[in-house]
Ligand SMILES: Cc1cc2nc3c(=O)[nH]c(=O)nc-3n(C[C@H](O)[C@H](O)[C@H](O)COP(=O)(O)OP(=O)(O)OC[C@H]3O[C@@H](n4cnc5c(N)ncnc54)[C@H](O)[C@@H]3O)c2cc1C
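A lone chain, given as structure tokens: the form predicted alone.
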Amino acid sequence: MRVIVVGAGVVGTMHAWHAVSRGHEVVQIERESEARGASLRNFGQIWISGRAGGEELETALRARELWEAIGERVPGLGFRACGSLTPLRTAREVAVAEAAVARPDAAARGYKLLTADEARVLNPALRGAFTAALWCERDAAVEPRTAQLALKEELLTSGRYTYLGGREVREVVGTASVRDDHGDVHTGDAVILATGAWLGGLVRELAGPELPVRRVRLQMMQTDPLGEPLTTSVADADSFRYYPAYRGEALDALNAGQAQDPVAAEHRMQLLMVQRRDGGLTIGDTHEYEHPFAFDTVEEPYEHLTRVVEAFLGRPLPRIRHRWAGVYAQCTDTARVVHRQQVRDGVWLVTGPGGRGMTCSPAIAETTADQLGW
């Protein structure tokens, strides 16, 4: 087969990966010279801990297996099975963690409730004040700013992969064929539109104005090197309010009895933090759903995140080196892992994984390949 992949973010690149791995020829087309969207502007976390039970968790666990296997083959991904810790300060937060540990799928996630001392054995950098921590052994991380480039370099060695950057696909012509803005027509046996948060133009024309996908904006930052290892990813208890795995009576009691910080509530915030290979910390994030999005970044969320992180670390943060905003696509039915739709003969749109994109993309692409008989 010959597969045309439109979009060089992580979802598109994983579709290219599976097609090449199954012996097919791939042409991947990207409107930028290299991908510059949400696939680079994220934590690089393979986040199992908060996923909804059922299909979402199964997809994330399968993707975690695939990430590890690909990471062994492509060291440039920077895959590491670091796990995550969520430090807890109050009885209500501990109750949510206890409910999580009691879930029937807790073992699959690697959940364990630790004392503060046990958590510091796993992550000695957490010198601040907390009473307990939720450990998720299955969480992992990759390097988001270099992962796509590393995957592309490996794909190029196959001899069955062509990358065309700086080309925007403008129309579908015939069956499984597209024309780009250079006037070139690319014909295959299947076209995968993995266009991420680009939902206008050709996507709107093909999928219609009622596409069940919305765009979400977030703010993040990265520090200078910490000067010591942060051996696990770190979240705060606000992540309980955001991720579906924690829903239940204990979370209801937390929401009712423990008010969220006003800045965190206004910007729909949680703390997620992971250390990069250069020692810096990637820290976030916020969630903005109402259009039109702001064109500037707001300082109060960064100040809030700094306070939370410094309280956990028991020390000042290194200098903030980068601040940025990103936009990703999310199914409006958030119970769905991804929106996968045949929009023309031989043409499929795959978008809307939301904050699950980096985590789940290898398994999302594998499912597409299986369904299309690759």
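Sequential numbering from 1, following the sequence displayed. Since this is a predicted model, take the numbers as computed values, not measurements.
There is another form of this protein, the form predicted in complex with the named molecule, and it is not shown here; the text below is about that form.
- Shown alone, this chain has one stretch from 214 to 222, 81 to 89, 101 to 109, 259 to 267 that lies within 4.5 Å of the named molecule in the model of the complex by heavy atoms: 214 to 222.
- Contact check for residue 356: a heavy atom falls within 4.5 Å of the named molecule in the model of the complex.
- Contact between residue 12 and the named molecule in the model of the complex is found at the 4.5 Å heavy atom cutoff.
- For the chain shown alone, residue 50 is not a contact residue for the named molecule in the model of the complex, no non-hydrogen atom being within 4.5 angstroms.
- Interface residue remark: residue 198 is counted as part of the site for the named molecule in the model of the complex, having a heavy atom within 4.5 Å.
- Interface residue among 167, 160, 186, 241, judged by heavy atoms within 4.5 Å of the named molecule in the model of the complex: 167.
- Scanning 340, 315, 31, 336 against the named molecule in the model of the complex with a 4.5 Å heavy atom cut-off leaves one residue, 31.
- In the model of the complex, every residue of the candidate spot (8, 39 and 42) has a heavy atom lying within 4.5 Å of the named molecule.
- In the model of the complex, the named molecule lies beyond 4.5 angstroms of every heavy atom of every residue of 78 to 96.
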